[in-house]
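One chain follows as structure tokens, the form predicted alone.
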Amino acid sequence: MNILVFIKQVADTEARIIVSSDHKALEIENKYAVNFFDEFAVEEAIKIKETHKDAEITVCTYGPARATEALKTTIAMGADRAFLIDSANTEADDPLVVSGYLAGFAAREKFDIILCGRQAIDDENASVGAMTAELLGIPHVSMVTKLDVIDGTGVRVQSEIEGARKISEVALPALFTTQKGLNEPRVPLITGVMKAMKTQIPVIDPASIDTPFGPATGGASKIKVLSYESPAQRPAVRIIEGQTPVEKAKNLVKSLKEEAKVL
């Protein structure tokens, strides 16, 4: 069984991010990590391999050269091999373009199960997984919280839908997007870290990949970033004065009526 995991390297949640003076780019502190939801995909692939000893885990990302560090993290966790599709000279903001490269890679390598996070925490598109499955012409289930391989040809999954849970049986090959609750990603052991340090990550030229809609040459993206804007600052917190809860409640109502004018 061949398992493919798509990941993305994103800015660490503690990294300092500011909008450039011309509002055309983001200045991001050099702190990056594997996307939060993708960690569940990697962990689930490892759990499948622990049950099916013949399974092989391949991890792939479309991104800049620095993304090799994220790939090495997955090797340290337990993945068998990893590939970087270099985004240096191609479109990186259009999820359809990204999905085309990932689908082309998957079609070339032939996989039974494809896993990826439900969304990336930087752009929050939540569309690359579904688009990739559609381009490959295979079934997919999003927001999976439980996954069991029935046999070599099918998988039973539990996913979240609005106000309920859904259980599906899906024929392979198929793609599943993962989310919190599926598992608890492991912390790499020192032996895994040492293995990752020695691992050479092959870099793939996007031009060598046959995408489902043809070569994604310059200008293929249908998305153009016009500007970046910082979120509005939150107003300062105001403490309602009063000696007793009753006085505080009266002062709050008075402020809502006379100042905020919402009552």
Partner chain sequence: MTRDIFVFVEYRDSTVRKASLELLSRGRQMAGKFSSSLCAVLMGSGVKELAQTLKGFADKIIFTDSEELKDYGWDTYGSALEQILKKYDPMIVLGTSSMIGKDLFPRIAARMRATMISDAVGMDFHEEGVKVKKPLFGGKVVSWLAPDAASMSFITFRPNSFAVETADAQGEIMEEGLTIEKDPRMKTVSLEKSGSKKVDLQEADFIICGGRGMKGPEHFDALEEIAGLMGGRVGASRTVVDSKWREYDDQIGKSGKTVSPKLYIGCGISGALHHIMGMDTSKVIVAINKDPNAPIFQYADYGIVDDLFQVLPALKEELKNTREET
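Everything numeric here is computed off the predicted structure, so don't read it as measured data. Numbering follows the first chain given and starts at 1. Basically, rigid core = biggest C-alpha set you can superpose within 1.5 Å across the two forms.
FYI, the form predicted in complex with the partner chain isn't displayed, but the following is about it.
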property: Contact at 70, 87 and 152 by the partner chain in the model of the complex, all three, heavy atom at most 4.5 Å; result: no
property: 4.5 Å heavy atom contact, residue 227 and the partner chain in the model of the complex; result: yes
property: Contact test in the model of the complex: residue 103 vs the partner chain, heavy atoms, 4.5 Å; result: no
property: Contact test in the model of the complex: residue 235 vs the partner chain, heavy atoms, 4.5 Å; result: yes
property: Close approach of residue 65 to the partner chain in the model of the complex, 4.5 Å, heavy atom; result: no
property: Listed range touching the partner chain, judged in the model of the complex by heavy atoms within 4.5 Å, from 163-171, 75-83, 186-194, 104-112; result: 163-171
property: Contacting member of 144, 98, 116, 133, with respect to the partner chain in the model of the complex [4.5 Å, heavy atom]; result: 133
property: Within 103-140, the residues that have a heavy atom no more than 4.5 Å from the partner chain in the model of the complex; result: 118, 119, 121, 122, 123, 124, 125, 126, 127, 130, 131, 133, 134, 135, 137, 138, 139, 140
property: Exceeds or equals 2 Å, Cα of residue 12 between the shown form and the other one, core fit; result: no
property: Core-aligned C-alpha movement of residue 23 between the shown form and the other one reaching 2 Å; result: no
